[in-house]
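The structure tokens that follow cover one protein chain in two forms, given apart as structure 1 and structure 2.
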Structure 1
């Protein structure tokens, strides 16, 4: 069976899918990066392999996400592509007529405007990660809630409170004040979901026309409270795709499916998982820039170096 591999390694989570020649997902996996993208990538590959048929052949592979380069070196990927294109490709392929993609991940939020099946505009959060998944994670822990419960609680709220949305730190102090006033937890959680939506619309959606069909993907799409808050703010229905967690990985796999010419360079599941792969950093002493050089080492052999401004280590 011919198949294509897509890996999306982000700051908070690592995702992977395998699709067949007909572009159907035959295996998918989502797990937390836990600060170790190498281990997470291996775990993703291990999980993906378990659901594959006994006979398969990987004809193409692609990586995306903020650790796309590292993951790409690790598996010797055929294609390394940014997340905007990966998400757009996946959404357009699976949902004809999509015109807007809202994607909120662990550290990044993105808005992609699609017209006639190509991305024509996009925006990403600028200097900080306010209003992204890691903030929700953090607040869930602070309130002693499992993150999975968060959205459900928000839906039970009668009077969502107003919470400052400009900055995560402001939002947190506002939340603490509201808690101490004795406001119900449901209302605070719902207020938080609304604050995230407000932050997103203020920062990313300014001047952009969000037309239907709107897809909501990325980890935060699991939170129904945020989805409902978006629907309320926009006055439009929002669709959460079946594979909302792994859309970036699907996009990467589709790129591999469409763009591969010649045989794949992918080193295979077994080798990828079993290899001794390390990335180690050192500070280049040769000039005052003191660039942090990253060295990728496979089974004792340096396979790639990057990170220097001048390019001498590359």
Structure 2
């Protein structure tokens, strides 16, 4: 069986997908990174391998996500692409007519505008936790609730309360104030879901036209309360894809499928999992920029360096 591997490693989660030559998903995996992207990438590869048929041949591999370069070096990926392209490719392939992608992960959020199957504009929030999954995670802990229950509770709210959305610190203070007033917990949870939507629309969607079909991707798409809050704010139906958790990895695998011309450089599942791999850094003293250089080491041998502005260490 010919197949193609896509890996998406972010700050909160690591995702992997294997597709066949007909571009159908035959194995997928979603795991928490837990602050160790190297170990998480190995775990994803191990899980993917266990669900593959006995005889297969990886004809191409690609990585994406905030740790795409590190993961790419680990597996010797054929293609390394940013997550905007990966998400757009996956959405356009699986959902004809998509014009807007809402993607909210653990530490960042993205808006991708698509017209005629081409991404024409995007916005990305990477500097503030407000409007991301970690914001909801943190508030769930403070409320003593499992994050998995947030969506169900939000849908039971009778009068969602208004909670500040511009800043995580202010939102938390506002939420604490509302709890001290004795407001129903369901109304507070719904207010938090609406706050994350307001933040997203105010920060990312300002000046951009969001047209249907709208896809909601990323980990926060599992929260039905946020989905309903988006539909209420936009007055449009939002669709959550079947593989909403791993759309970035699907896009990476599709890029490998579309762009591979020769044999793959992928070092294999066993070698990728069994290797001794580490990433370390040092500061270049050769000029006032003092660039922080990342050095990748496989089995005791330096295999890559990157991070310099001038390209000296590439």
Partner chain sequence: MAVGIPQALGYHYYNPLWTTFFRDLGIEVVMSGQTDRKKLDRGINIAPGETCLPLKCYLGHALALAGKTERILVPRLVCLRTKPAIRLGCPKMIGLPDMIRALIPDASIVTVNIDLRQQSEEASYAALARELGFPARRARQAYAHGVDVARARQNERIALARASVESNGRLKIGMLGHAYLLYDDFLNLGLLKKTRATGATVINCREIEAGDIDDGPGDIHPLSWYFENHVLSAARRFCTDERISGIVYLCSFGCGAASITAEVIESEIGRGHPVHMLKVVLDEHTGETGIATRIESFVDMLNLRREREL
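Rigid core (definition): largest C-alpha set, two forms, superposition within 1.5 Å. Keep in mind the model is a prediction, meaning the values are calculated, not measured. Residue numbers count along the first chain shown, from 1.
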query	finding
Displayed copy of the chain that is the form predicted alone	2
Per-residue C-alpha deviation between structures 1 and 2 [residue 308; rigid core superposition; Å]	3.2
